[in-house]
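Shown below, as structure tokens, is a lone chain in the form predicted on its own; questions about how it binds or moves come after it.
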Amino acid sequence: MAKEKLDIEKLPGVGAATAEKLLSAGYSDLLSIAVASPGELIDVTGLTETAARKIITAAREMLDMGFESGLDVLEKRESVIKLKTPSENLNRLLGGGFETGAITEVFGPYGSGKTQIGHVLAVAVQKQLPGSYAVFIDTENTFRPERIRQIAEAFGLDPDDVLSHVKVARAYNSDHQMLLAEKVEDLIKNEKIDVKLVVVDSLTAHFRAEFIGRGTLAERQQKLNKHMHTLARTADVYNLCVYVTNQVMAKPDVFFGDPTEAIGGNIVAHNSTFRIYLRRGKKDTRVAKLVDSPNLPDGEAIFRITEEGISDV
């Protein structure tokens, strides 16, 4: 902590008192300051906008945050991990599995299997990366330790060991949910644990319940945007997978095709790297449709939810 404070104090206009405020708010390194907005630093430190901009600019210059070549980006992409599920169909749809350094949004009606995939991933990540942790931000009281035990046994893992590597927090409102997303970084830094998966189930439930009517839409979208940016930054900086579930609503003006649409509009859609629409299929199956991806073609995967988790049909 002393070294981190020393690094921050190298920035122009940051003395011991300001450094202390920044550290206590989670800005513990140059990168976290470099990617912050002036408004965020003003809220934390009480500095003027000019001073906040000066600090951010200096942090960016010290980190050399300019352009890089496509080859550099390709080299960074080699550190991406694909988290695999027991369903090869689903893995193939996602180009090998759920990607770290990205947000994957899965939306669909009640009972389509969104939460089940979250539980499976919490176990699968530990099978694939022994010693790693999953963080579960539970907004609708959907996390079930019994289900984790069941899946862990099917994976041939010690259920108690698996459960001890899942950190769960119940979010009671949207502000609490946003705070918990910010606290993931504290878990990694302060508790020194290797978090490789963050599950938010569900992303929009609290925002939808608290912001009712068109008059509150702008504020809701603003908060949702900030929340998604926090998750995206955590995914990128710590190379972890963020899996978020989302609810759907019916569009009464659609007469042909599927009349459902994900909650959160463009804010959630643009902040998600991969988007999957889940629905029930024939004979107790589930159909996952990839509707958005930066590098993969649209496609569908059929799988079944079983006692052991999920499996191919």
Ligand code: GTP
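Residue positions are given as counts along the sequence shown, with the first one as 1. This structure is a prediction, so every number in the text was calculated from the model and none was measured.
If you look for the form predicted together with this ligand, you will not find it shown, but the lines that follow are about it.
> In the predicted complex, does residue 114 come within 4.5 Å of this ligand, counting heavy atoms only?
Looking in the predicted complex, residue contacts with this ligand include residue 114, since a heavy atom lies within 4.5 Å.
> Considering non-hydrogen atoms and a 4.5 Å limit, does this ligand approach residue 95 in the predicted complex?
Judged by the heavy-atom cut-off of 4.5 Å, residue 95 is well away from this ligand in the predicted complex.
> May I ask you to check whether residue 311 falls inside a 4.5 Å heavy atom distance of this ligand in the predicted complex?
Outside the cut-off, so no.
> Although this ligand is absent from this view, report whether residue 185 comes within 4.5 Å of it in the predicted complex, heavy atoms only.
No - in the predicted complex, heavy atoms of residue 185 and this ligand never come within 4.5 Å of each other.
> Pick from 239, 91, 150, 132: which has a non-hydrogen atom within 4.5 Å of this ligand in the predicted complex?
After the contact test, the surviving option is 150.
> Given that this ligand is left out here, which of 275, 60, 54, 280 has a heavy atom within 4.5 Å of it in the predicted complex?
Partner contact (heavy atom, 4.5 Å) among the options: 280.
> The chain here is shown without this ligand. Which stretch in 33-41, 46-54, 264-272, 280-288 comes within 4.5 angstroms of it in the predicted complex, by heavy atom distance?
So the stretch in question is 280-288.
> Does any residue in 273-307 get within 4.5 Å of this ligand in the predicted complex, counting heavy atoms only, and if so which ones?
The stretch 273-307, when checked against this ligand in the predicted complex, contributes 280, 286, 305, 306, 307 at the 4.5 Å heavy-atom cut-off.
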